[in-house]
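Next up: a single chain in structure tokens, the form predicted alone.
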């Protein structure tokens, strides 16, 4: 067996939050064909594994992971099929997500333009069911190619088999740790795109007096909006939006609206969005702001002073430091609203 992983690799620098200890073993995978040998080695040595993509959604523990961290760096982009109004593409899991969004826009294909600027790699997109400004990856996903660690073979899962939910999928839930995504198949549209029906995007184009923007204009708008909201991780380490927007009952939504009579429901406002079935989505960042926590600083971590949904590493923070801040936010949200805020990033404990 030729598999020879690196040893004692620092993990903090492999993530955008810059938190973490070491991996006893580490390897980079550039082809799905490498995975069977790696997992045979894992089995023979009775060691656990952790799959790492771009590191923008991962916060490692402070100790040592006594297994193999496997970074997926499988490249590839190809046009699979097309008809009059759609085109199917296949993208390797190790491709940069935003670079692929830009490429599809160059090809005049719509469907993921509102997901511009989201950090990370393509293989991580279905796991989190990434979404922004009215689009989610589930909306364009045809299937996902995976390595099945149970059977040791590469196979594929349909959109339905991915069990997509809000910021969730089978890869995080019912089949957590079973599948390793190696490629994604997307179906995109050749039809003209429309302005994302979210307040920031609508206001952007209204100010510029553009009623029917093209795809490059929509991408530029989304990137500008995101730059104004999110601190660059290269400047202040973070993982983007830290908490999921909670889904609450009509009772809780009505109480929040009664306490905040100026709120208007979507699409005039995006703080509270009716989902049907007596369920409402609440903007987590707004809740944190209403708790008076925006800008809160501990010794090594803080809530961004401009965007309450972003938690940041001021320098040298540990996972313990971050968890202290997370607990303060969660406890406050439960106490005031009866709402349990759930982190979006994967918080890895060894």
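Residue numbers count along the first chain shown, from 1. No experiment lies behind these values; they were computed from the predicted model shown.
One more form of this protein should be noted, the form predicted in complex with a small molecule, which is absent from this view; the next part is about it.
Exactly one listed residue, out of 318, 289, 27, 64, brings a non-hydrogen atom to within 4.5 Å of the small molecule in the predicted bound form: 289. Proximity to the small molecule in the predicted bound form, taken as a non-hydrogen atom within 4.5 angstroms, holds for one residue of 294, 314, 323, 49, which is 294. Taking the partner from elsewhere, residue 166 is found to have a heavy atom lying within 4.5 Å of the small molecule in the predicted bound form. Shown alone here, residue 100 lies farther than 4.5 Å from the small molecule in the predicted bound form, counting heavy atoms only.
Taking the partner from the other structure, the small molecule in the predicted bound form has no heavy atom within 4.5 Å of any heavy atom of residue 138. Under a 4.5 angstroms non-hydrogen atom cutoff, the small molecule in the predicted bound form lacks residue 147 among its neighbouring residues. Stretch-level contact analysis of 202 to 210, 188 to 196, 90 to 98, 240 to 248 against the small molecule in the predicted bound form, using heavy atoms and a 4.5 Å limit, identifies 240 to 248.
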